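Structure 1 and structure 2, given next as structure tokens, are two forms of the same protein chain, each shown alone.
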Structure 1
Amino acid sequence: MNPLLNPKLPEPAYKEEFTAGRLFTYRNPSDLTLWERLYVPEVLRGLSITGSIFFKNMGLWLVWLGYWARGRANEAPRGAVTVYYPEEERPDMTKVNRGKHILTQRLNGEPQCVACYMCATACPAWCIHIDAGEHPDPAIEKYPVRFDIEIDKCIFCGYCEEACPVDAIRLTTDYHTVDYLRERMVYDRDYLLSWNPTKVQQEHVYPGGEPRRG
């Protein structure tokens, strides 16, 4: 079997916990209204939404064209512009964009992560997978033997970054996450530590400030 055509990806973590009805509500087909069962009206409603955006954008360009004809193009707003990525990139990308993840490093190069599973628990897309190991330093207690992020499932919500008690995971502004091979969409621990190496000046050895006793 060709591994490129049938890559082995890790199973979503904690799926049963999050699909127990506490965070997501699934609608039974029998609960749909007659209008929704007819299907076509809902399709037309979706087309009306996208169509309204299209015509609004074209209207902006027509206004801009009028200003351009009078030599005042810089005074009018322009409509949306198609960017031919990756040959071209948008120059107005926001500076607070959530993009590719990194794992921060301690000053000695080890991962800052203490394998507390807070990020994996907070992740609504179940795309973070961690295996913990005992750290030789009792003050640190644990470290991630495995830390994988399925970037193709990530919704870039930033919950992992907010949940982390030791500043071990961060979302950068780099949005280059596309790839031609699906198995490369799984970012492992070594990649997360090395693609944009970042050391933290203040080391956190344990979320509570002290290692667990007893």
Structure 2
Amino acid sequence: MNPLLNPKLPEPAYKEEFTAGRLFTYRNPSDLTLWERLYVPEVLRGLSITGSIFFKNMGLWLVWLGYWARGRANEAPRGAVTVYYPEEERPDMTKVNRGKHILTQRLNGEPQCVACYMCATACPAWCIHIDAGEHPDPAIEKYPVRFDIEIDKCIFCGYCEEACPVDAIRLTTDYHTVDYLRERMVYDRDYLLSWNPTKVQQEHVYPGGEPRRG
């Protein structure tokens, strides 16, 4: 702290020294009282705080045991504030969280994507890989033969979503991207077109209206 701003220090002496440029202290003047500097009482206070939390939670555990014995473990008051993923999920997950991608579809079920590579270019993680094929309809011109997203490299920045000119790629709120096999973390075109977000995630608010899905 700047000694000039500390009201507890005798101001004039410091001010003179400081303005004269003779005093440059990089050490915070201690603003502990004598009682706090005795250390042991404050340590005991800290121990009593953590200890009381410990005993409160152990008491709650006993209460839980009572509920559990009657087969109603879920209704017991809980002391832990953490969420026990994957058995539990946070109830307060934001509705506009950026998670796994989906590809939107045309009315006939084809991908909306026109393989323009805009998303792949915008992607800072370089995790979108597209091969373009020629579409029979000359008004559409191109469609993706291959559309892979390496979800383990994706940083969920949403740039792909913003870059797309035809609203073909969207980020859902589904964040369950874990898997035991690295191969399964590359999502191909058909998976991106067809997978459905889990139940919790279906309440997602899409800023541009609902995406069209087969």
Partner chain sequence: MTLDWAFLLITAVNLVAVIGLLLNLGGVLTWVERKQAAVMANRIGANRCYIPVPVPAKAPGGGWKVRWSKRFTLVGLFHAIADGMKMLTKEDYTPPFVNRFIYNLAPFIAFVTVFATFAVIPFGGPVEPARLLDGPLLSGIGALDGARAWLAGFFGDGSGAARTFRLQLADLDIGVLYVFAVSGTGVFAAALAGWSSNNKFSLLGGLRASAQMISYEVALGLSVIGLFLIHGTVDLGRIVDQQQSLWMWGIVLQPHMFFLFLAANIAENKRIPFDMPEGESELVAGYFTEYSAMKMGMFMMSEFVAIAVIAGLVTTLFFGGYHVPFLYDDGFHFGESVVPLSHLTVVVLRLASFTLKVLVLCWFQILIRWTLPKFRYDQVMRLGWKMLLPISLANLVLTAGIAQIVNAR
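Note that the structure is predicted; figures quoted are calculated from it, not measured. For residue numbers, the reference is structure 1: its sequence is counted from 1. Rigid core: the largest C-alpha set superposing within 1.5 Å between the two forms.
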Would you indicate whether the form predicted on its own is structure 1 or structure 2?
1
Is N74 one of the residues whose C-alpha moves 2 Å or more between the two structures after the core fit?
yes
Is the C-alpha displacement of D188 equal to or greater than 2 Å between the two structures once the rigid core has been superposed?
no
Cα of P165 displaced 2 Å or more between the two structures, core superposed?
no
Cα shift of S48 between the two structures after core superposition, in Å?
24.0
